[in-house]
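Below you will find one chain, with nothing else, as structure tokens; this is the form predicted on its own, and questions on how it binds or moves follow later.
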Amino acid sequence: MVASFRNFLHYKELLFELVRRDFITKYRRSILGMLWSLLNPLGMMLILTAVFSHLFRGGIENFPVYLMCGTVIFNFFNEATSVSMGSVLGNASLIKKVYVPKYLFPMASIFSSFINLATSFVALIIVMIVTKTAVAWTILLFWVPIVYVFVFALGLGLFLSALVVSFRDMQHLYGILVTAWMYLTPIFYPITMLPPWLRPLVGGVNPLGVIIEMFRDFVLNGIMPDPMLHVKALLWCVAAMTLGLITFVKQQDSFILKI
């Protein structure tokens, strides 16, 4: 553990450069640049609000903020895991030339996506101001579910980046899986509209459902979340990091033979 931490500190400047490179590459030759990180969630909020607000008018108060709380968390998770999944393959030429701790590549992808998450949170604040949403002191704890989703995405990103080296079809399969995951997460619909037998799966077992519910409690509802939400989120984070680290460490020595 100590040796691994020292190794990480030794390469922290490289991690910074990888994050910087990924961020610059994403917005290269874009006129609006980073502003798209603000415009994208706002645009999707307007479209989804126009489509779904009438359907759920009786079940959700302040639908735009309800929707934004869900999309901010899920979009970060989706982007972070999708980009980190191809991070090892995408840096094959560098891995073949020099020794670099390979975990830096999925980590850099996660941190790069985290910058976009910060910008998306600005979009959420704008929507809250426009809709005159009441703000409670609990909004100061918004970072707690952010930490949970970051750790969960990092663990899953490590797992996917190692898995895809041997199983390239995962790049295509994951898009289907994450789409199904989105519809099984109460992002733009109230969980009460689901059949009773499905609610525990969507709201209790789904890690993103747990984190989004916690985020809404802090930001939108102005209340402290149920302590069981923290327990569930911690368990999912530990499970994801354990799976990711074990899989990545076990497979990383064979990366150079497969990429």
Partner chain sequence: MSDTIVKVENVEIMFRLYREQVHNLKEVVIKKLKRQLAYDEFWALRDINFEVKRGESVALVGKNGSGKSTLLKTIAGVLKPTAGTVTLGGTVAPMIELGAGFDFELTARENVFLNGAILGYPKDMMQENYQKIVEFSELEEFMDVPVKNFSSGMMARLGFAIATIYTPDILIVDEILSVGDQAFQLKCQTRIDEMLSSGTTLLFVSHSMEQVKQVCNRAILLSHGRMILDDKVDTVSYCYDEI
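Positions refer to the first chain, counted from 1. Every value quoted in this text rests on a predicted model; they were computed, and no experiment measured them.
The same protein also has a form predicted together with its partner chain, omitted here; what follows describes it.
Pick from 80 to 88, 95 to 103, 133 to 141, 150 to 158: which stretch has non-hydrogen atoms within 4.5 Å of its partner chain in the predicted complex?
It is 95 to 103 that comes within 4.5 Å of the partner.
Report whether the minimum heavy atom distance between Y183 and its partner chain in the predicted complex is within 4.5 Å.
The answer is no: Y183 has no heavy atom within 4.5 Å of its partner chain.
Heavy atom to heavy atom, is I24 within 4.5 Å of its partner chain in the predicted complex?
Judged by the heavy-atom cut-off of 4.5 Å, I24 is in contact with its partner chain in the predicted complex.
Partner contact for I246 in the predicted complex: its partner chain, 4.5 angstroms, heavy atom
Although its partner chain is absent here, I246 would stay clear of it in the predicted complex, with no heavy atoms inside 4.5 Å.
Is S166 close enough to touch its partner chain in the predicted complex, meaning at least one heavy atom pair within 4.5 Å?
Contact check for S166: yes, within 4.5 Å of its partner chain in the predicted complex.
Taking a heavy atom within 4.5 Å as contact, would all three of Y11, F16 and I256 count as contacting its partner chain in the predicted complex?
Yes, the whole trio is in contact, each within 4.5 Å by some heavy atom.
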